[in-house]
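Here you get one chain, nothing else, as structure tokens; it is the form predicted on its own.
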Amino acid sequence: MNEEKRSVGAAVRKVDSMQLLTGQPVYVDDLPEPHGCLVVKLLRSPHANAMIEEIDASAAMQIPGVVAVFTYKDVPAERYTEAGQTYPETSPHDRLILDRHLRHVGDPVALIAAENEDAAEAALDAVKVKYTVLPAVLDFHTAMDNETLVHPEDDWHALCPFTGGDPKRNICASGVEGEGDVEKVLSECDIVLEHPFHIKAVNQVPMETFRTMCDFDSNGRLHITSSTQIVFHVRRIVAHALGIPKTSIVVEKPRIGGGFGAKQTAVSEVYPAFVSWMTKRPSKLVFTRKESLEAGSPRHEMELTVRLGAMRDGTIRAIDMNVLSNAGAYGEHSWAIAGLTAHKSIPLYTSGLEAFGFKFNVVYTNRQSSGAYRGFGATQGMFAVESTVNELADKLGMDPLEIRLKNSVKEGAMMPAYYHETATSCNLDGCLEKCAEQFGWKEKFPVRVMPDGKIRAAGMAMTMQGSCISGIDVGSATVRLDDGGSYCLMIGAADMGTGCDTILSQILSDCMECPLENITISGANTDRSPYDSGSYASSTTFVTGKAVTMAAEELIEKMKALASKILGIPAEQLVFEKNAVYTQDHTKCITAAELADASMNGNEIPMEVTRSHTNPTSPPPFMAGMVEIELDPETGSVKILNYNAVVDCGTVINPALARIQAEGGIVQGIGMALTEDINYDAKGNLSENSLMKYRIPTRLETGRLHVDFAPSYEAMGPFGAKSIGEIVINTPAPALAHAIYRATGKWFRSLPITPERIVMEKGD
């Protein structure tokens, strides 16, 4: 294709942008409700740990419009997990649809199904419950081997024995690994730093809360429409929870109003599915913002102790990490997330590293269960490791940029702490140098006291992520030649605002050498789509995108085979160019439109291909981030002036969408670092259960954001691309902590760093 007409590399607008701009119905709650659709509400536990002694729904059933009230007596007794992971899930099967034992404030007590909202709300107040309140485990530091067990039941089980769970000790998961003699290397180092870091849970806060609608198709199958990242996993989870065949369920997603990992957990789907299956009527459940904050799937709270050993010349020789993670009441994603705290942070410093160690324990507590959130453990690990490296630079009197350039992983290096994978594409040094130049690091790094007494300072961090789950994630694509020479692309990945529908269409457009307008894309539906693990682990562009290229290549061969029949010329003597098949001398041509017509009459060569792809490795993207702040020493307020970031995500398929991804992730990271706070009272009630109390940053609080790219080329990715979805959230917290230290002389090793803490505390 002519270079100036390529789709890959072009900043084209999203394929659904006009629908969104004009307010057309695209989300779950916009869709017309089926006739007779029931409103589903959840009665939730007011206690952090309690047993239901008596439950009486008779008064609720007398309310006009109430159709059913379900309790723990009505549901299957088979435990399951809500985690959207490839089967067999590494998350333990530790929950029931409704349980007599309630394990956190907000745990479901009863399911209400009513004809209208008012009746459902009235029924919530009418159900009478007598509880036996039990001691609660609210502090994850005291959870392990506590006499109070969060999961005392005997039917707790895990499908993967290597995850190290032991519910009789309140351990959800555990693990130990490493390489080299950490203690010996540390003993030989000139300087050893050791500190604990505390990262609180934070909420994803997508625009659209959790919501699901259920109906029945013409064959009597349960049809679930949900705001989810994982349609195929939802089908399996619901089938398991309800004890019904997967063939009885079809799951699809419309446009998703943001997910950020929250919707990699099946938070809302099981409840209306159960109501519909039992009542044989359509149903719909929409979480309030309060429910989403109190009973969602926030980032895991963690305490990470990092030991780092280095020489006086700045060579980092050993890193050791010990992680304590808070699963909350249930174990979704806990093992995988805890593991990645080290796997996505320690490998950054591969150049001089001689040894590393890593140990983690994930414990159960009586708080809402945690789950996947953009960054998936790397965010917590990066805050601890990058903060420690910044402290090392300070103690050695070195520029933190130079210490990173000296120790950072280089292309071609094998990374022991990253599953022994090789950095096949790495321009991390390029990211650091370009970011420093654009930011003006040399000028901004020195601390400056302004005439009004405010202090300007700068901080930095670097990070890596992954591009899939190595050897596990499956991405699939079906490409079909349609009437008029257009193409239909069917995928199982979920566009949740990331623009993956657009990105994958751009990839196919270049493969078929046709205008982007010739591509139509059909989103995730378990009946229509080829199997896909779902949109998580930053895998869609890298894994599903590669499946698109593979399917396109095979379809081209089929088109050449059909053209061969028509022209009477061997297929190997034909070439595909500009959406048409030519003879090698270009004297004869059959267009894609003509081939589409020919395929519909007396043809046995299908003009449709499905390809699945999994990658044995997960080539990391890399990123550098630098921030300039202005801090008021009297009030502790931190004003962000500039945030510069440079990303190596391989070939940038769509610069506009990649830049938006980066800006959004940086803002989320800023919120995690400075404003977003979660606190529980002595009874386990969440204090920040509304957006009046849970402070996500506004655009006015994030300063000037500047994002650029320093591409490498990843041969395993489509057109050389890697991922960008998760990496972008990881640098703000350590960079801001660094800048605040430069301004105040205080290291803050716990988040968020609020103005009150800056003024009143001595630092951690």
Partner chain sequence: MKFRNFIQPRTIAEAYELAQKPDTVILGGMMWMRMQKRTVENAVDLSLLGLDKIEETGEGIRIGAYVSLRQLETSPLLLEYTEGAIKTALCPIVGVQFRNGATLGGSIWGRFGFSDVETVFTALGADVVLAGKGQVPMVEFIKNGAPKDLLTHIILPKKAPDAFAVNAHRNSATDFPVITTAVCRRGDNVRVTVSPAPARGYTEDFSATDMPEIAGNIMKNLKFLASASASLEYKEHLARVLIGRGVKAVGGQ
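Not measured: the values here are computed from a predicted model. Residue numbers count along the first chain shown, from 1.
Although it is not shown, the form predicted together with the partner chain is what the next lines describe.
> Pick from 734-742, 39-47, 59-67, 697-705: which stretch has non-hydrogen atoms within 4.5 Å of the partner chain in the predicted complex?
Looking at the other structure, the answer is 697-705.
> Between Glu608, Glu303, Glu115, Asp632, only one gets a heavy atom within 4.5 angstroms of the partner chain in the predicted complex; which residue is that?
So the residue touching the partner chain in the predicted complex, by this definition, is Asp632.
> Only one of Thr583, Thr675, Ser470, Thr148 comes within 4.5 Å of the partner chain in the predicted complex by heavy atoms, so just point that one out.
Contact with the partner chain in the predicted complex is made by Thr675 alone.
> Looking at the partner chain in the predicted complex, do all three of Ser7, Glu177 and Ala355 come within 4.5 Å of it through at least one heavy atom?
Looking in the predicted complex, the three residues Ser7, Glu177 and Ala355 all stay beyond 4.5 Å of the partner chain (heavy atoms).
> Going by a heavy atom distance of 4.5 Å, is Asp125 a contact of the partner chain in the predicted complex?
Yes - in the predicted complex, heavy atoms of Asp125 and the partner chain come within 4.5 Å of each other.
> Is the gap between Ala682 and the partner chain in the predicted complex 4.5 Å or less for some heavy atom pair?
Contact with the partner chain, no.
> Taking 4.5 angstroms as the cut-off for heavy atoms, does Ser637 touch the partner chain in the predicted complex?
Answer yes; at least one heavy atom of Ser637 falls within 4.5 Å of the partner chain in the predicted complex.
> Within 4.5 Å of the partner chain in the predicted complex, counting any non-hydrogen atom, which residues from 728-764 show up?
In sequence order, Pro755, Glu756, Val759, Met760 come within 4.5 Å of the partner.
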